[in-house]
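Listed next as structure tokens is one chain, alone, in the form predicted alone.
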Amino acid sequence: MHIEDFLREITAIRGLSGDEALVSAFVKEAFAPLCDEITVDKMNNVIARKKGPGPKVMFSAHLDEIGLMVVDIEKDGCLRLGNVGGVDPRILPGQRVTVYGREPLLGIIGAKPPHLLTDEDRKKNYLREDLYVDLGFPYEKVKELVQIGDQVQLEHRYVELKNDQAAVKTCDDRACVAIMYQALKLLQNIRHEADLYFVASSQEEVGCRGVMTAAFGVDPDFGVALDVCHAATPGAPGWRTHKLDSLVASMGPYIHPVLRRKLTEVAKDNNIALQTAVVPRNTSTDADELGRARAGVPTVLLELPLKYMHTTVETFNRNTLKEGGRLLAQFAAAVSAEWEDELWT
């Protein structure tokens, strides 16, 4: 499967934090022919191992997605919403969604029209409490099909744009799962000493819970977390954003400096462009929990620049995606047992 076809398929699958079974099954099936062992653990982490005699290296990218859930049913049949992960209510009005009740139900997110708002209300952004899902059914029918706690998935459409860009929901972080998929494909023809573990982790959006248990089980010698960062957009601060056309290697107290240097050397040796991000405290990614698993794991963070994060039109550069797979594969091939001594000298 081509990396873009993989991403088209995985971004369409329901997998809100805490309920990743369907998307985990998809990843397991896709990864299985490319590795020696594969398991799905009790947290719905997918752990794919490509055996080697050398040190253990764990790559981690999360497969869960943000979304919504039903918290109340109005007397006209409309559904009130709660968050699963960080959903900005400003992006929601006018969206199509799927409500997973007794059967999948197509709905639209509505709000009081601006014509009916007071002057004071017009000055404010929508709150989640102002919004609702309209299924087009009366209250009695909605009560038959929907219950409190049912999940609501945001609309998914894969849109190809000009200049080698594409937009789709849930690139955060399934685009990085696609990078791991590409790396595994490339590693079919690349020798490696390291014992490689590719982990598609769960529940990152609600606290990096999946990577905690996966890292405890794998007990790696080195860790590479993959996630997304902000790409340059009009009005955004330059120091927090990056160009779409190359990956980002973060620097900061949660990032092991020598292992990061190894990553940048591999990138340079293979003519792969890397940008630099400065993260002065925690990274709010799997890197934080991976780095402090068990007795500690030297960890680096590799990020894919993304426009419009946590929306249904997360936009990325398709070539950067492919280069990410190439970098992971070459880094995996470069790891050797001698690195352990270098990391502490």
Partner chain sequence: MLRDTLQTLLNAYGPSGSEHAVAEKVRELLEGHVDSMKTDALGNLIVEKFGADENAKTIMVSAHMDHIGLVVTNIEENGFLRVGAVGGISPELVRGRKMVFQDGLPGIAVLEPNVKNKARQDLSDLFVDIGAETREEAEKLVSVGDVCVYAPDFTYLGKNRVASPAMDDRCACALLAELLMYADNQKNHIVGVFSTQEEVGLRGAGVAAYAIEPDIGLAIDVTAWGDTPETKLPAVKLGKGPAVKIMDRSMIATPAVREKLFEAAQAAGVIVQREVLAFGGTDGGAIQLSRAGVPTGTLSIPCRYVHSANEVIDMRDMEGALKILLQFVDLA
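Since this is a predicted model, take the numbers as computed values, not measurements. Positions refer to the first chain, counted from 1.
The same protein also has a form predicted in complex with its partner chain, omitted here; what follows describes it.
From the list 106-114, 237-245, 213-221, 267-275, the contact stretch for its partner chain in the model of the complex under a 4.5 Å heavy atom rule is 213-221. Heavy atoms of Arg209 reach within 4.5 Å of its partner chain in the model of the complex, making it an interface residue. In the model of the complex, its partner chain stays beyond 4.5 Å of every heavy atom belonging to Asp130.
Proximity of Gly325 to its partner chain in the model of the complex falls outside the 4.5 Å heavy atom cutoff. Heavy atoms of Ala293 never reach within 4.5 Å of its partner chain in the model of the complex, leaving it off the interface.
Contact check for Asp41, Val70 and Gln147: all three have a heavy atom within 4.5 Å of its partner chain in the model of the complex. Exactly one listed residue, out of Gln165, Asn83, Gln95, Thr98, brings a non-hydrogen atom to within 4.5 Å of its partner chain in the model of the complex: Asn83.
Though its partner chain is absent from this view, in the model of the complex it lies within 4.5 Å of a heavy atom of just one residue from Asp88, Glu74, Glu160, Glu155, which is Glu74. The partner is not shown here, but in the model of the complex the stretch 1-39 reaches within 4.5 angstroms of its partner chain through a heavy atom at Ser17, Gly18, Asp19.
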